[in-house]
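Given next, in structure tokens, is a single chain: the form predicted on its own.
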């Protein structure tokens, strides 16, 4: 595995993913009962945007770097938990440090909640463990993501979220994600599943969404943010999230949030947003 998220931290895909993730954790924390989260592709937790990797790519400038100015009040309400997580790492202001998904989720979790973080890259898993050595809510797991899903689901709390955020480096990664979701849903059908995917070419998106739809699970909300036109040479043109079993009000919130992000993060006016049901709720 060669992928290292430090090169991409804080980019437009992270803004979408982490803003929605922070909101979902907020939904879970709104009820008194404890919950747990399985982050199947965790990374290291926090990233230095002035570090060697982020400086080399500068991707954050097209993501969190464009988020300085506030949006309208209804958008900022949805972004509140995400904004707070970023601000907590940057007490002096600015964008020096950026929170990865473990940091985002821990900021919204309570003392009795649990976070299982799985990371296959040995160095990143070690860094992750060191970064959160004093936090008893977090447990680091070093294994293949599919094995982590099989080993840790269902969550004993019977409430929670599973995040699948692979690098999509392998040729068969789309099939692997579909298999992970099928295995996870079989074990934890009432849980919230969040699957991130890249927008590179139209063919990739079409094939990926087709593979997930073929599972016939129902109740899958799709949110896609594009910052430029997708074609073979365009690289990462955008990204999307599939949310299985979304909270009732999430669709309306994403209908408010994504157009604002598309306008802000779009390159030369090419930003585009879509919120729709990949498979509608059953019944």
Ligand SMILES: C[S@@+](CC[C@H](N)C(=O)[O-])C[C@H]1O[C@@H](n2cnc3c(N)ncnc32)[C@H](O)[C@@H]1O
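Residue numbers count along the first chain shown, from 1. Predicted, not measured: the structure shown is a model, and the values here were computed from it.
The protein also exists as the form predicted together with the ligand; that form is not presented, and the subsequent description refers to it.
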{"query": "Residue stretch of 116-124, 154-162, 199-207, 86-94 approaching the ligand in the predicted complex, non-hydrogen atom distance within 4.5 Å", "finding": "116-124"}
{"query": "Listed residue (177, 145, 109, 81) with a non-hydrogen atom within 4.5 angstroms of the ligand in the predicted complex", "finding": "145"}
{"query": "Contact flag, residue 41 vs the ligand in the predicted complex, heavy atom cut 4.5 Å", "finding": "yes"}
{"query": "4.5 Å heavy atom contact, residue 184 and the ligand in the predicted complex", "finding": "no"}
{"query": "4.5 angstroms heavy atom contact with the ligand in the predicted complex for residue 18", "finding": "yes"}
